[in-house]
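In C-alpha cells, one chain follows: the form predicted on its own.
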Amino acid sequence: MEIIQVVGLGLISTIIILIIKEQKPMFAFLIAASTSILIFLFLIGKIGSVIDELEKMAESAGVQMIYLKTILKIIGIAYIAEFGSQIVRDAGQESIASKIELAGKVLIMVLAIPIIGIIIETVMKLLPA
C-alpha cells in the first residue's frame, strides 16, 4: 500500500504544479524537486533492506563481498545519475542532464573493469590451452 502514498504524493504535487506553473515557474520547479527528493528519501529505507538481503544471500552462496559491493555501487550510480538528470531535465537543462548521464556511464565502466577482468580470466581458465 506504500505505492498508493507515493502515487498520491505525485498526483497532488502534479496538480499543484500545473496550477501555479504559469504564474510562478520557479516555485513549480521547487515543488517538483522537493517531491522527487521526498520520494527518494522514502525509498532509501526500502533500498537498505534489499541490500541487507542481498548481502545475506551472497554470504550464504560464498560470493566475495567485494563483488557484491561493486555491483551495488554500480546500481547506486545508475539510480543517482538517473535521478539527478531527471531533475535537471525538469528544469529545462537537457544538455546538463545528458552530461550527468554520461558521467554516470563512465563511472559505471570504471567500477566494472575489475569484474570484467575476472570474467575474462574465468573464461580463459575454462578454455583448453
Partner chain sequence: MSWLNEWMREVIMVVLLATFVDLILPSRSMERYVKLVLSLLILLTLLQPIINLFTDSPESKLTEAFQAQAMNSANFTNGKETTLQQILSQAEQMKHQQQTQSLQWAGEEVARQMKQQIQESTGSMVQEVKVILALAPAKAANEQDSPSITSVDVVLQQEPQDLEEQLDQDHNASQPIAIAPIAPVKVDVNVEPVKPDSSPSDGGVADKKSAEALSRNESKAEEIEKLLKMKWNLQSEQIQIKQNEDNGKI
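Residue numbers count along the first chain shown, from 1. Since we're looking at a predicted model, the values are computed, not measured.
The protein also exists as the form predicted in complex with its partner chain; that form is not presented, and the subsequent description refers to it.
- Contact check for residue 41: every heavy atom lies farther than 4.5 Å from its partner chain in the predicted bound form.
- Contact annotation for residue 66: at least one heavy atom lies within 4.5 Å of its partner chain in the predicted bound form.
- Although the partner is absent here, residue 57 is a contact residue: one of its heavy atoms lies within 4.5 angstroms of its partner chain in the predicted bound form.
- Taking non-hydrogen atoms only, residue 1 never approaches its partner chain to within 4.5 angstroms in the predicted bound form.
- Screening 96, 31, 91, 50 for any heavy atom within 4.5 Å of its partner chain in the predicted bound form leaves a single hit, 50.
- Of all the residues from 27-47, none has a non-hydrogen atom no more than 4.5 Å from its partner chain in the predicted bound form.
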